[in-house]
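Before any questions on how it binds or moves, here is one chain, the form predicted on its own, in structure tokens.
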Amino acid sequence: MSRSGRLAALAAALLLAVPATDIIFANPSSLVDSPGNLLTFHARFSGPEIARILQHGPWPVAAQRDPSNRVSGLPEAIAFGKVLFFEKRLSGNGGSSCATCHLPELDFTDGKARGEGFVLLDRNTPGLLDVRLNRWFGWDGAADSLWAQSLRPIVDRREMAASTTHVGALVRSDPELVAGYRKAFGVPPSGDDEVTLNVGKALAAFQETLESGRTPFDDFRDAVERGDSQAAMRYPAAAQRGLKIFVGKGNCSTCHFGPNFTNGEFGDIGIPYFVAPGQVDPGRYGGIQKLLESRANLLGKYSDDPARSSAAGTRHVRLEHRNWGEFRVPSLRNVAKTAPYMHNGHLATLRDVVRHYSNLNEDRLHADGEKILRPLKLSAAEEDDLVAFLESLTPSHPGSY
């Protein structure tokens, strides 16, 4: 059993032996050496709830290089990728760059309900903070690597509308881009396809550095782990009560778990997926189709991982009817700054999101498979508390990128 598991078990055992009050609960860290030591909270947490709180950290998660991208983590590639991220000439008409839709001042979102470039698939622009932790990319998971996802908007006619010929010619013709390319890849830019592929890998290397900062929740979580009652009590009472709903009766941590608050997979949560009369966004179903057809998936020749160790998910993914209307479970980090919400920007505020789950219409969910979601039926005060917790997942100070 892991250390956190032993601590949670000891906490649960102590809770049975100590009369409970509204604010006194066992400190799982100090139990090892001093079973009588108690940690003061603003809310009542059970032993299992404490264990769920602890598994949402520590933060940040240590950086790891992407084995499918040979320039992942290399400073020269990161610098080149940053230049490319803001380079409007990469687009077909020279009018847009990656930063056009992923604005640094808006935490790499665009603040709009739906991205203006989309014509056929009317979707919200996902944020890029902590994107390196994703397993699948895009709302539908049509890409299984960050570099493949970075290529897609460049050549998509609905977005940057360029071509490999255009990208290759641009990089070869600009002395500064040539120099950046040489530093990143050790060779001069040559063929169009190769140059475009490497542009995607450099862009991915830069995006891997976009990390959200520590939050009030992280400080609370770490205080609980080390048994620091004074520090734990600095976390607002409303946020603590909302956290209890999140890890308790709300069952939110079933899908939003771990340090990044997501399982990285897909689900149907009852959000409409009809784009227009007679027009449906297939969600994960369409994403799987595109993934398996893509020459740039992790099973293909463009991956730099000879063992294909990073392709396990792609190797086993299968197209199933239940994937219709499923969309990727997003991270909740920085969530207070990424409105509007859901794959189509359907919900404008965090309170709207909480009310969606509180008043969930189960008839909108898939009939097949196991149904996890149930209406939470929260009171107005509980909605306030859950919003307060979600807001505490945003860094106290903006990052620098």
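Bear in mind that the values here come from a model prediction, so they are computed numbers and not experimental data. The first residue of the sequence shown is number 1, and the count goes up from there.
FYI, the form predicted in complex with a small molecule isn't displayed, but the following is about it.
In the predicted bound form, the small molecule sits within 4.5 Å of a heavy atom belonging to residue 327. Residue 203 belongs to the set of residues with a heavy atom inside 4.5 Å of the small molecule in the predicted bound form. Although the partner is absent here, residue 189 sits far enough away that none of its heavy atoms falls within 4.5 Å of the small molecule in the predicted bound form. The small molecule in the predicted bound form is not approached by residue 229, whose heavy atoms all lie more than 4.5 angstroms from it. Of the candidate stretches 308-316, 219-227, 181-189, 129-137, only 129-137 contains residues with a heavy atom within 4.5 Å of the small molecule in the predicted bound form. Contact with the small molecule in the predicted bound form, defined as a heavy atom within 4.5 Å, holds for exactly one of 288, 162, 98, 239, namely 98. The contact residue chosen from 250, 259, 213, 264 relative to the small molecule in the predicted bound form is 250, the criterion being a non-hydrogen atom within 4.5 angstroms.
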